[in-house]
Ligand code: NAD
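The chain below stands alone and is given in structure tokens; this is the form predicted alone.
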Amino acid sequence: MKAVIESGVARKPARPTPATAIAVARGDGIGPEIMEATLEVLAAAGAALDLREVELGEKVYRQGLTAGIAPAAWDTLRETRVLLKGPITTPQGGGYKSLNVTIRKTLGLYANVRPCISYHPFVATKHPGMDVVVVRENEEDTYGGIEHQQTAEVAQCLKLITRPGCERICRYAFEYALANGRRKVSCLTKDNIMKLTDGLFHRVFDEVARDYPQLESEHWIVDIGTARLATQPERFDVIVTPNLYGDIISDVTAEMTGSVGMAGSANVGDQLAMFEAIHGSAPDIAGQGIANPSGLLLAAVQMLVHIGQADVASKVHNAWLRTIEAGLHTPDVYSPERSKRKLGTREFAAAVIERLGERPQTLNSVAYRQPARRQAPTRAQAEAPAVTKELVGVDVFIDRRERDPESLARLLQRANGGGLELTLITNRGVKVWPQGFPETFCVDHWRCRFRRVDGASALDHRDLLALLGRVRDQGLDFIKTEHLYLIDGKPAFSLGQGE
């Protein structure tokens, strides 16, 4: 190999970085335009990528595949382990499932990471110093998509929160904070109302926080926490939160910086990762060449760090910052006061390419490094601890259009027996028997709680089946049951509101 002389010292030329295979989905609407612009910048910056095209989204949905992804595409995703994805369109109606949710859950991409930074004074924002990262749990909560129409008037969605899922995302947030020089992790939940589900998330957060004494930690109720975030974002650094809250908060936070179109997103699991802009496919401007590629480009920067090309990531990001500083803006962030030229999608990409190798003069430059792959202790990966579980009753849900809880109670009391008796009826969670109030608004969906009688022998499933038979004999339509347990001697079920 021929030596290279630099500063009088002979050295061998560096070996070229081997190309990393990544799957690329161009998406729908503006997706193909912003993907092409992004790939042009990555190529010009010297990213070593082996692109494997996959088709996802609307065309696949229209072929009759309601998941929006063909079987062969799964093979490519699992082979490359990295996906750079343009925004896609999910057709309305017809039972189509969200492709993003499907990919995240199927491939175990449990952590959604969205850095939200203000680019003052070049992009208009009310929060010039904002620099917040939202780490959103990506697989659980109401996004299980488990819904049922139970009566003519009531539909339900199950909210599932698991201890392993909570620990995994909370530990990821603390590890992210350590790796990126952050100082604090804030947890946002609604555990003053949802004491079992959100309460579990909060408890696990506090447990994990004890393993990171070098970082600050705090908990906020999600409503006031979000209000503080909207008005005082400088109080926050890294935020970790369950799925639904994180979905809302991360979009709000991105918009606070000046534009959702400038935010990228990483979806990371233990084995695979997906990188995408957070905005939608914007079919109303598709084909006009005016879409902002920044969100997807910054997602690609996260991807480059993930695959070990941190130097290229820094080069691209600094060139992008320099372009923003130069006042070269796409229409979504253009303003006569702050911008010098309004550029289309391809023109903006060309402007970034022209500034490769430059650093911003006003905005903070970046210098990514390959993060250490720490193997943090994860209790959730160990065998679940043994618990004692005692069956003490059952909630029987009844479909009944008559709005009189007293007459319903009289019928249900005839079903008492076998060590079980009726103790509570609620409607939409509010106690209506015994001693309900006539002002309580009721619908056709009743939760009827049967508890074990004091002194009765231990219950088993046969006792519950016998009870349901007696309920049926009263001409009542039971539509769902939930067993009531004591776990380690503590009630593992909520009280009725007003109980």
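Throughout, we count residues from 1 along the sequence that is shown. Predicted model only: the values in this text are computed from it and were never measured.
The same protein also has a form predicted together with nicotinamide-adenine-dinucleotide (NAD), omitted here; what follows describes it.
Heavy atoms within 4.5 Å of nicotinamide-adenine-dinucleotide (NAD) in the model of the complex map, among the stretches 220 to 228, 316 to 324, 270 to 278, 386 to 394, onto 270 to 278 alone. In the model of the complex, nicotinamide-adenine-dinucleotide (NAD) sits within 4.5 Å of a heavy atom belonging to Pro87. Not displayed here, nicotinamide-adenine-dinucleotide (NAD) is approached by Ile30 to within 4.5 Å at the level of heavy atoms in the model of the complex. nicotinamide-adenine-dinucleotide (NAD) in the model of the complex is approached by Asp332, whose closest heavy atom lies within 4.5 angstroms of it. In the model of the complex, nicotinamide-adenine-dinucleotide (NAD) sits within 4.5 Å of a heavy atom belonging to Asn100. With the partner omitted from this view, the residue of Leu304, Ala282, Ala111, Val185 that lies near nicotinamide-adenine-dinucleotide (NAD) in the model of the complex is Ala282 [heavy atom within 4.5 Å]. For the options Ala291, Val208, Ile169, Ala300, the residue carrying a heavy atom within 4.5 angstroms of nicotinamide-adenine-dinucleotide (NAD) in the model of the complex is Ala291.
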